[in-house]
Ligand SMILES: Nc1ncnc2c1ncn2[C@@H]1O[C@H](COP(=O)(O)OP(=O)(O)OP(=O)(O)O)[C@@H](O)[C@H]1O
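In structure tokens, one chain follows: the form predicted alone.
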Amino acid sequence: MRLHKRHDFPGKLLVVEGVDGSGKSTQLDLLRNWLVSKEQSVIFTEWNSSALISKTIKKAKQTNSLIPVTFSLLHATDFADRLENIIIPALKAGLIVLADRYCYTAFARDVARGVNKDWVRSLYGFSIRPDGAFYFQVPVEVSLSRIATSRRPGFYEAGMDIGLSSDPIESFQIFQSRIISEYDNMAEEFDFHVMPAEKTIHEQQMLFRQIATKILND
């Protein structure tokens, strides 16, 4: 698996991971704006945004009928398209690539849905190792409270597709707790920079910039 080997492209790849409500997207956006202000050349990509497949995934989700393995295959297709057509070309050009979620999202979510761990990792065996992977760690209660201020958890976000509970809130807590457990188990294996996502936005951003700067200057 290429994830265990350093890539030899001149650019740098930084990725953020974490459950919904962890604040990772906010932190990545702040980092992107800061890097741009420093006149750095930055490319941004996010999960489920491939022009090739993202509309198909969205349409399939609306029927609430996707089974876990199909879910895995669709997102792997999205990821492969973005890796080959956005991420790798940008790295070859010497740019900084910021990714909101990477293959680790599948490693956590799909396994939490009951998909075989080794199968999922083999499916994403073409992935390249990021220069920095940041895991924004937060308790499920905090995640839920942040989401609840603006909306109810979505069907798949709450894991309703695997029958954990008929109550969306309870299902969310069970499912996201499983995902957090998978992320925690991966932290050492994939050298995650574990970010204390309960700290203030400013405190997190200062730490994020400090570690990212060291990686980019390496």
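Residue numbers here begin at 1 and follow the sequence given. Keep in mind it's a predicted model, so treat the numbers as computed, not measured.
Unshown form predicted in complex with the ligand; subsequent notes refer to it.
Visitor: Is residue 23 close to the ligand in the predicted complex, meaning a heavy atom pair under 4.5 Å apart or at it?
Guide: Contact check for residue 23: yes, within 4.5 Å of the ligand in the predicted complex.
Visitor: With the cut-off set at 4.5 Å between non-hydrogen atoms, does residue 157 touch the ligand in the predicted complex?
Guide: Contact check for residue 157: yes, within 4.5 Å of the ligand in the predicted complex.
Visitor: Would residue 82 show up as a contact with the ligand in the predicted complex if we use heavy atoms at 4.5 Å?
Guide: No, residue 82 sits far enough from the ligand in the predicted complex that none of its heavy atoms falls within 4.5 Å.
Visitor: Is residue 199 near the ligand? Define near as a heavy atom within 4.5 Å, in the predicted complex.
Guide: Yes, residue 199 lies within 4.5 Å of the ligand in the predicted complex.
Visitor: Assess the spot marked by 19, 151 and 204: is the ligand within 4.5 Å of a heavy atom from every one of these residues in the predicted complex?
Guide: Judged in the predicted complex, 19, 151 and 204 all sit within 4.5 Å of the ligand.
Visitor: Pick from 55 to 63, 24 to 32, 37 to 45, 159 to 167: which stretch has non-hydrogen atoms within 4.5 Å of the ligand in the predicted complex?
Guide: Careful reading of the contacts points to 24 to 32.
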